[in-house]
Ligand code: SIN
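What follows is one chain in structure tokens, specifically the form predicted on its own.
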Amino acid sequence: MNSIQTHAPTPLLGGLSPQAFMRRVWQRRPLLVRQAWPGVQPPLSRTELFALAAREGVESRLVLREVGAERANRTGRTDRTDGPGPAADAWRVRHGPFSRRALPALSRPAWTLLVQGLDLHVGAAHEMLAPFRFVPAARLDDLMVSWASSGGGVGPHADSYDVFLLQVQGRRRWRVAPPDPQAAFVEGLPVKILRRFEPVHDWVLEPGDMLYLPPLWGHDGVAEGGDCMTCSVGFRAPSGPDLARELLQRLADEAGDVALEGTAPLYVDASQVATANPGAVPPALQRFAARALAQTLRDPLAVPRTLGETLSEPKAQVWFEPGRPLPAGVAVRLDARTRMLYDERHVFINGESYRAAGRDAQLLRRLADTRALGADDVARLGTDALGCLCQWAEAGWLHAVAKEVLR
């Protein structure tokens, strides 16, 4: 339950403290850290990963690459004129679930299995997120794992993510290029491959090594020697328009609920005169629309509340099994799938918002920060806050745990 020591140097960040890393490196430049995680072990075996990819509700993709020369030998023709490299290769992408027979043979080169949200399904993967909690949880997307045979990869690409690429098994070569203001993708491919990719770094990572990349830096990771497993801890960096669209959609849904109640004022134009220009939008209707929008945003807490609800919304494929009532005198821990955040006035959990103040707010914020709350702290909660914990437990959002587990 200890909080992150933000001022203490750590091998994970190459001897930098989290504070120094965020000040000098975060969103500024790549950072390669040799033996960031000495002795790291994969969060699951290859066999377990393949079995997980066969399950419904697990987001997985299979990426196969056939280099241009192999394709020409097989088909007797060359369809692309991009020259050698990923753009000239044949790419295929399939989405899971996959039975083991649906996956290529281990000996087949140049294929990759990607499983998103591994932290939602595997406890060891969820625990691997703990050292990265010096980054606000509002930015966390997930931990993705990539298994690749020799030569496997997804081609040179750029993401709108901050990402930590941790090598946990085998070796992978990473070539890295700075952001390209005119970045464009090769058309007609099922993967987003950069049309122009001019790397300035070329590194081979071995187990325990880690590479941090800011958003929009081009990168191409290729497995060397096969049986290669890389864990990617991604932090989403939404664009302004994308975030505005999500917030406005949620605000619109709330406004729609008010309209259904029949209490919202209707547009009135009893003073409208007969018009010879029916195509013109009446100025009064324009003013009415402007007032309606202003009314929606008049509450100073509307945007902060909606933002917290949006950021704490679980992914679409996430669901919770009903839980058990919360016994008295127990500690609690958030479910791995639960997203919990807070601001000055609210606590947010799985897309819902609650007002909190005083000691209850302090304790619930501790639950959001550490993802657990000791039995003594649970006992200090007020009646309403304790009632929320009980509801969350029955919804499967948190679970009772023994005191010893939190030590």
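So that there is no doubt, residue numbering starts at 1 and follows the sequence shown. Nothing here was measured: the structure is a model prediction, and the numbers come from that model.
Same protein, other form: the form predicted in complex with the ligand, not shown, and the subject of what follows.
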- Which of 228-236, 183-191, 317-325, 93-101 lies within 4.5 Å of the ligand in the predicted bound form, heavy atoms considered? The stretch 228-236
- Query: Is it the case that Met144, Leu165 and Arg172 all touch the ligand in the predicted bound form, with a non-hydrogen atom of each within 4.5 angstroms?
  - Reply: yes
- Just one of Asp89, Asp159, Asp209, Asp335 has a heavy atom within 4.5 Å of the ligand in the predicted bound form. Which one? Asp159
- Item | Partner-contacting position among Leu140, Leu307, Leu129, Val154 - heavy atom within 4.5 Å of the ligand in the predicted bound form | Val154
- Message: Please tell me whether any heavy atom belonging to Leu114 falls inside 4.5 Å of a heavy atom of the ligand, as the geometry stands in the predicted bound form.
- Response: yes
- Item | Partner proximity in the predicted bound form: His121 to the ligand, non-hydrogen atom cutoff 4.5 Å | no
- Message: Considering non-hydrogen atoms and a 4.5 Å limit, does the ligand approach Arg250 in the predicted bound form?
- Response: no
